[in-house]
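There is one chain below, alone, in structure tokens, taken in the form predicted on its own.
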């Protein structure tokens, strides 16, 4: 079970990030989670949104370079050690994590963790065996 994550290549200049975020907001697209990693010239903005298809359409219309990747989302208790439990289960199964970011949900006491791994199906199986259930896209709405 995966969800779609949009990656947007953003030039590392003042105003470029806000242009992307304003474009989404002006088109009624709600951000669920975001992360940005930058280099000297470009950043990669990773987004989880409420309407992936519409977000891709408006971003491409605004001449943004985008891609979509399936990522795992898991719901964890918002407590010390919860992320460590997830990462330990994957590490013990020799599954490397390319990157991770997390955010708090509207559900009290819960957080979501977004994971990019090489094999989503195997990672989901390992996490489920360890009592961590992958979330669907609708869980993030």
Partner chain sequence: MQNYFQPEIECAAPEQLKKIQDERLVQTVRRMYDNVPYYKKLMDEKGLKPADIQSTDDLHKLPFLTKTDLRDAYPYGLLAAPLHDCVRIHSTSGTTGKRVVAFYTQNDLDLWDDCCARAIVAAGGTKDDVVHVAYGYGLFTGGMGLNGGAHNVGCLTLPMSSGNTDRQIQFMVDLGSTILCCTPSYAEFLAEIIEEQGLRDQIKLKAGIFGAEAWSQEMRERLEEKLRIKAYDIYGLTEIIGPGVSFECEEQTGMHINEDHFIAEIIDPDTGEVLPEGTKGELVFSCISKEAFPLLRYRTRDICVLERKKCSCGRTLIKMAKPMGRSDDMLIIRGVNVFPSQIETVLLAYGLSANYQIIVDRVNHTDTLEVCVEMNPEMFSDTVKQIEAREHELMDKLRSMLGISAKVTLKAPKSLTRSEGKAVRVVDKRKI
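The structure presented is a predicted model; accordingly, all values stated were derived computationally and were not measured. Positions refer to the first chain, counted from 1.
Here the subject shifts to the form predicted together with the partner chain, a form of this protein not shown in this document.
- Here the chain stands alone, but in the predicted bound form its contact with the partner chain, taken as any heavy atom within 4.5 Å, falls in 91-99 among 47-55, 91-99, 25-33, 77-85.
- With the partner omitted here, the residue from 19, 119, 11, 125 that has a non-hydrogen atom within 4.5 angstroms of the partner chain in the predicted bound form is 11.
- The partner chain in the predicted bound form comes within 4.5 Å of a heavy atom belonging to residue 37.
- At least one heavy atom of residue 65 is located within 4.5 Å of the partner chain in the predicted bound form.
- By the criterion of a heavy atom within 4.5 Å, residue 42 is counted among the residues contacting the partner chain in the predicted bound form.
- Residue 105 falls outside the set of residues with a heavy atom inside 4.5 Å of the partner chain in the predicted bound form.
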